[in-house]
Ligand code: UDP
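Consider the single chain below, provided in structure tokens and representing the form predicted alone.
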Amino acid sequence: MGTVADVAPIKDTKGSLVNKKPTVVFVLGGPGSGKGTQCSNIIEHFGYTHLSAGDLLRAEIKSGSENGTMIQNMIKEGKIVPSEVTIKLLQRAMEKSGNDKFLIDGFPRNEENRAAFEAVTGIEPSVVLFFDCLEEEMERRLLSRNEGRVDDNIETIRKRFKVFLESSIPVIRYYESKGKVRKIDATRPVKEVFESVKAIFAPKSKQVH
């Protein structure tokens, strides 16, 4: 399996090279698959920095920067933020973190995101974690959690499942063909799921380099 050590290091906005060759793990899973909880566990146990594309976009909007205003306007108009914009935010966050191990959560959302990320950064993920969960279970979890999310109603939930399947499954298939996907049965209780995650990240497994 190709490792991140084989690819070029990322550049920051000033063009200077980062000497670290970062380890990138993409984290994918449907809404309610529990990937957020598992990301927290990975950070705590294995020292990764967690980057969420959605959080970075929201933070940029909140900052009031010119870039943030452009992002906000695009979202208001129902347009998709260009991949390059999201990737530059991810790249900048990687630079600023000082770490060399990253969990990128909920990205790439589709094949175009994936191709753009590799083209812009020169980085391929070492592993793609796919939290595979039955739709009925994800539905049950989303409806029962109390986070005050207005989008957690049955109709919206089903639309989100459909979008996830249509957009993300091709990404998972692509990385499966490269032997990078680690599929985890996320229907089980949190502790059992994390046991499977630990087996992937533990140094003895040699699966994440």
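Note that residue numbering begins at 1 and tracks the sequence as displayed. Computed from a predicted model, the values in this text were never measured in an experiment. Take the two forms, find the largest set of C-alpha atoms that superpose within 1.5 Å, and that set is the rigid core.
Quick note: we don't show the form predicted together with the named molecule, though the next part is all about it.
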- Task: Report the residue, out of Gly54, Gly64, Gly47, Gly179, that has at least one non-hydrogen atom within 4.5 angstroms of the named molecule in the predicted bound form.
- Result: Gly54
- Contact at Gly122, Tyr175 and Val197 by the named molecule in the predicted bound form, all three, heavy atom at most 4.5 Å: no
- Message: Just checking whether Lys79 would be counted as a contact of the named molecule in the predicted bound form - the rule being heavy atoms within 4.5 angstroms.
- Response: yes
- Can any non-hydrogen atom of Met74 be found within 4.5 angstroms of the named molecule in the predicted bound form? yes
- Please check if Lys101 has a heavy atom lying within 4.5 Å of any heavy atom of the named molecule in the predicted bound form. no
- Contact between Lys162 and the named molecule in the predicted bound form at 4.5 Å, heavy atoms? no
- Hey, which residues along 112 to 133 are within 4.5 angstroms of the named molecule in the predicted bound form, non-hydrogen atoms only? Asn113
- Core fit, then Arg58 C-alpha moves 2 Å or more between this form and the one not shown: yes
